[in-house]
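So this first bit is one chain, no partners, the form predicted alone, shown in structure tokens.
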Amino acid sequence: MATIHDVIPPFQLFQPTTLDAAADLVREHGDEAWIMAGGMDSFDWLKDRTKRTEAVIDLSMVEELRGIREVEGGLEIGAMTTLTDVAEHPAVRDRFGVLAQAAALVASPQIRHQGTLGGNVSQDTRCAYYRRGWTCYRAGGNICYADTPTAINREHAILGASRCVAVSPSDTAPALVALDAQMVIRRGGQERVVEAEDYFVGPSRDIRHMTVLESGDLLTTIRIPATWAGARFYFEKVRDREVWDFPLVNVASAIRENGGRITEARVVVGAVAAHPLRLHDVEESLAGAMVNDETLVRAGELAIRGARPLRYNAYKVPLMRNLVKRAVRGGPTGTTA
């Protein structure tokens, strides 16, 4: 199926000004609603007519969904807060630098001024076959076109594939998982809180969606606890071009040390699986370890254990291994609070 580059098809546009009104609209329209944050991903889908909707709920006028608030040593970030505001906010930069750096590396300055944190973590995958309208598993079909002998799959998964080999494209998602962030989701008048690590889902759980958001759900707030404030942070993103491109692989880490030894660590990689992948085995191997060559080699090898590269993306295996080693070692590319 070829993508139709055409005018956006007609739809009802709703622009609520309060969170209550937005939540009511999302619940009322259910599966027919398209929730629009910054619009960076939404307009691509609608313009290409790959997806259609009866109603667009534009959240840009809901001030309650914007802003960064300091709470008990941590932060509460409204889902509609722009990536530029996240990257430049003093409290984010000073205490949770891994998120500031991740937000600063998303796309281009123009997109960061418009794109939001909630939109960045909730965007759909960028798999070219899926986005061009091919009827793959993720689109309701019975094949993964990116996992065939002749497929172009340079940007796809090397871990955690289950029928679908698409990857999560978000830069901020690994940083939020590393910070033990929580996602506040509203449905009507009720709220539930989901750990960031559980917010993102893989195809073995739900092949049609990238997050736990269901019809009627609205992501309202991202909470960052004080747990990792002031830790040694590192974020690195490898991409084809320095501006605009999505990650080929990215890594986020938060490490605490005492007396030259690592006491606790979070290491999370992105763009290698359908969701940001927390490397639990790597983290366990780091507990009590000195940061030396032996520790780095062990961390790198554990990171790639079980990797299954496709025809064109075997380069991701050594790339991921080396990024994890750099994230543990730290250095000029990373950030230290």
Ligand SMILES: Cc1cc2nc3c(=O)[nH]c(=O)nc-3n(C[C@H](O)[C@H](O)[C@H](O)COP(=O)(O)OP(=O)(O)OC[C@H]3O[C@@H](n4cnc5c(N)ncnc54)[C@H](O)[C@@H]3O)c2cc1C
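Values in this document were obtained by computation on a predicted structure and should not be read as measured data. In case it trips you up, residue 1 is the first one in the sequence shown, and so on.
FYI, the form predicted together with the ligand isn't displayed, but the following is about it.
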Partner contact check in the model of the complex: of 244-252, 92-100, 187-195, 137-145, the stretch with a heavy atom within 4.5 Å of the ligand is 244-252
message: For the ligand, considered in the model of the complex: do all three of G74, D180 and E264 come within 4.5 Å of it, counting heavy atoms only?
response: no
*Evaluate H156 for contact with the ligand in the model of the complex, applying a 4.5 angstroms cut-off between non-hydrogen atoms, and reply yes or no.*
no
*Is V238 close to the ligand in the model of the complex, meaning a heavy atom pair under 4.5 Å apart or at it?*
no
- Indicate whether the ligand has at least one heavy atom within 4.5 Å of a heavy atom of D41 in the model of the complex. yes
> If you check in the model of the complex, is A79 within 4.5 Å of the ligand, heavy atoms only?
Replying inline: yes
The ligand in the model of the complex has a heavy atom of only one listed residue within 4.5 Å, and of I111, I152, A226, V212 that residue is I111
Answer key: of A303, L286, L59, A274, within 4.5 Å of the ligand in the model of the complex (heavy atoms) is L59
Contacts from 211-234 to the ligand in the model of the complex (any heavy atom within 4.5 Å), listed N to C, are L213, D217, L218, L219
